[in-house]
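In the block that follows, a single chain appears as structure tokens, in the form predicted on its own.
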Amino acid sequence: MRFSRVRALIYKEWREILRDRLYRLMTFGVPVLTFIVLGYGVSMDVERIPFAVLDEDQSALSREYLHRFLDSRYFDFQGIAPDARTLDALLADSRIRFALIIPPRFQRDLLAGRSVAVQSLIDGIFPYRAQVNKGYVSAINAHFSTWLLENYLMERGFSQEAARRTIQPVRLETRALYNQAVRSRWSMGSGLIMLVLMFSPPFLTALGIVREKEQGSIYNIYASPVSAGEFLLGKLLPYVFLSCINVFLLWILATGLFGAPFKGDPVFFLGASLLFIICTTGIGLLISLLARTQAAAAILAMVLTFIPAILYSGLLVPVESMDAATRFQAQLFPAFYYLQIVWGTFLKGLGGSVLWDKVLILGFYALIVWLIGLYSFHKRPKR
């Protein structure tokens, strides 16, 4: 292998990229735009749930109960409904996602020591949000019930502390680690680095090689003394370098725009990112061997990289909650391992001493993909 030839091919490819406005946009504009759009558009936080109330009691205690929901940042009060039919219409039209019906004699039954059933109607179109909504409602309802019991005991001579100990002999104290505010923006802002680097390098790499086939300029390579390895290195190294620049841009966006904290070692993170880029660039090489047109290469890149990165990486759905077959499929993609590296370095402050096995798997993956690509690429087209 002669590096002078590789250097000449790198220079040629670099000029092709810089003079083509569309390629410049796909290299820098599309990854950044994708990162921003998905970062703001995909949120796992369940807050400001629109809801309405039918208060059939109109008493002091029913208003106290209602104010527990009004004072919560998780609910967005839309008003008092005059009847149950109005609530049904609002839920059917998706103007509210939750309805609360306080029955008549609410205060009278509670003061008489009788239990009361308050009805909550939750829109179940989005199961995850419905389950979280149900948890919010249950927590507020339990807090109100505790408050009633506490007042009852205090009226009978208990101190406030003694009343609380009597009602709750076992108190659960929870503390969220690594993402104390439990904000999805931190996780999504850092995790989207994986998503962008999973589809952008293969996309650019596949289009770069297939473009040579479409334009017919690859026959110049066939007629030259340039070897297959020299051609591939000269063709792919510019995209590896440009993807490394994107890592810096995405890191700045994740920390600056989305406020995700970076607690790990930047050198380790950049090294692992480079290894991941080599993996995904190798995937682009394999795609270029299968496709003969740029349109086909773009579709294949989307199917083989973007979709698996969304579904099987653990970005949206924890891999641990999947069945055994799906977990096995997830471990076939490098995105699964790189996402753990990203979250480990950003949110947990982990380094190579803990994440070395993920890096080792990425290195093995990159070696296998590149060897398959180099072995499968032939300087002379087969007929």
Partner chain sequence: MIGAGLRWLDRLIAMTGKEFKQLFRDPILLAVLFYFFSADIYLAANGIHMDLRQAPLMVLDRDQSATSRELIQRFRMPYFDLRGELFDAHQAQALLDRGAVLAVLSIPPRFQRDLQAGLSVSVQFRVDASNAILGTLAISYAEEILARFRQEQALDRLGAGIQLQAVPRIEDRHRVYYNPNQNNPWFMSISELLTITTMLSLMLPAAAAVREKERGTIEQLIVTPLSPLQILLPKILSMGVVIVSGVAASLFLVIKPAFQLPIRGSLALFFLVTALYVFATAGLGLFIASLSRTFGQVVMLVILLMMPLLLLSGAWTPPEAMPEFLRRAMIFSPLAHYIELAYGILLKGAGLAVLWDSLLGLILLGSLLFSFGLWHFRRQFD
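Residue numbers count along the first chain shown, from 1. Predicted model only: the values in this text are computed from it and were never measured.
The form predicted in complex with its partner chain exists for this protein as well; it is not shown, and the discussion that follows is about that form.
- Heavy atoms within 4.5 Å of its partner chain in the predicted complex are found in exactly one of 269-277, 248-256, 235-243, 180-188, that being 180-188.
- In the predicted complex, no residue of the candidate spot (Val210, Ile287 and Ala325) has a heavy atom lying within 4.5 Å of its partner chain.
- Of the candidates Val32, Leu70, Val354, Leu332, Val354 is the one whose heavy atoms come within 4.5 Å of its partner chain in the predicted complex; the others do not.
- When you look in the predicted complex, the only residue of Leu91, Val226, Leu304, Ala81 with a non-hydrogen atom within 4.5 Å of its partner chain is Leu91.
- For the chain shown alone, Arg105 is not a contact residue for its partner chain in the predicted complex, no non-hydrogen atom being within 4.5 angstroms.
- With a 4.5 Å cutoff on heavy atoms, Arg48 counts as touching its partner chain in the predicted complex.
- By the criterion of a heavy atom within 4.5 Å, Gly157 is excluded from the residues contacting its partner chain in the predicted complex.
- A residue is said to contact a partner when one of its heavy atoms sits within 4.5 Å of a partner heavy atom; Val137 meets this definition for its partner chain in the predicted complex.
- Contacts to its partner chain in the predicted complex (heavy atom within 4.5 Å) from stretch 295-311: Ala295, Ala298, Ile299, Met302, Phe306, Ile310, Leu311.
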